[in-house]
Ligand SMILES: Cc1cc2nc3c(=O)[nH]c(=O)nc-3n(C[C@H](O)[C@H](O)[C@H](O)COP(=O)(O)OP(=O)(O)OC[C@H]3O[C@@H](n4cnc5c(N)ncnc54)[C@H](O)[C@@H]3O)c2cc1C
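Single chain ahead, by itself, as structure tokens, in the form predicted on its own.
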Amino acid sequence: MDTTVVVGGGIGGLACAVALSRAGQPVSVLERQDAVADAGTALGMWPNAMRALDALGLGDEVRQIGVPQTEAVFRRPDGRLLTRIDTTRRLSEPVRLISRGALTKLLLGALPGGVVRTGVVVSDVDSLVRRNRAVVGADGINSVVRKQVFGVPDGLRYAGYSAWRGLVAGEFGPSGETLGRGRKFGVTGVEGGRTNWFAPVFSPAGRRYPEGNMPELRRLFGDWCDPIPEILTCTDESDIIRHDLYYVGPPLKSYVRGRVTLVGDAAHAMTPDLGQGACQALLDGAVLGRCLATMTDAEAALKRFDSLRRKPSQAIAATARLTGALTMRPGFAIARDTLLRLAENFATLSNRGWSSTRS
């Protein structure tokens, strides 16, 4: 009954496990895949997430590996500049861009051997609760823990758009987004001299492209301003990731049921419009691990975690949805441009989360 079991080996679950392990607390991570997934593209580590990484003892490594983002440039498809934002102006340090694979490797490397067990499918959460101190549902957007324990059969809503993502060799200018009607194309640097790109498009859920992703990408973005056509030319069809975008809705009234809690996408899956999904998962994991490590009563620790993390994470998720609606919906150009002029103010909001959640 002393062990905390984490269901899912994503960023939030691994962060919680690292926090507990470094505090000398027994923890086990159960991952259903045969290996912890490290696929994906770039993640932006905002200062709030960097402070959480510092608490886990990994901040300096991320600073060394990650590419600092000092500005974000927003343009129209013809190349006309909308705005250029100095991302360091209101932040204590630059956002660090790092690939999901590199961050996952760092988190795994901070755990003792045997903590992470792969190929384990959890079908009965109640049995885990009976045998362990606490159960952490870190099993992603389609969380089994959320469905079984929280009575939410689905709990997901389609955002109205899907996205393609990819990584290519080479550096393609400053980070930023090119904004069209119902679609946009973003680029960010990442370690190793590579560029991460992402291309959300308004479309019905479940839409498929029998001829492949690249022909559709070229149709939608092939005549947009540089460097977008060149990035598409450098991208191999087999390296493209595409998925519909969902979020948890309505927001959960609590992330806790007894000795079970949710973190990361299981608790508050959000659209990627603010680049805060991984940051919020890290904050969840670090704060939860600290609560469990410093409080003897597991239920009280989880309630404390919920009081510290639920409202801030849900506020970020709501802001992401609003940003997505304003930047993606056709006909919202005026509102979108106004949002961009005010965008620097978001730096203050998104930087909250660690210093304000110290117990």
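In this text the structure is predicted, and so the values were computed from the model without any measurement. Residue numbers run from 1 along the displayed sequence.
The same protein also exists as the form predicted together with the ligand; that form is not shown, yet it is the one meant from here on.
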Interface check vs the ligand in the predicted complex: of 232, 245, 91, 116, the one with a heavy atom inside 4.5 Å is 245
Only hit among 189, 186, 155, 140 for heavy atom within 4.5 Å of the ligand in the predicted complex is 140
Sort through 71-79, 163-171, 209-217, 252-260 and report the only stretch with a non-hydrogen atom within 4.5 Å of the ligand in the predicted complex. 163-171
Can you check whether residue 11 is within 4.5 Å of the ligand in the predicted complex, heavy atom basis? yes
Is residue 120 close to the ligand in the predicted complex, meaning a heavy atom pair under 4.5 Å apart or at it? yes
Verify the contact flag for residue 277: yes if a non-hydrogen atom of it lies within 4.5 Å of a non-hydrogen atom of the ligand in the predicted complex, no if not. yes
Looking at the partner-bound form in the predicted complex, is residue 302 within 4.5 Å of the ligand by any heavy atom? no
Hey, which residues along 187-215 are within 4.5 angstroms of the ligand in the predicted complex, non-hydrogen atoms only? none
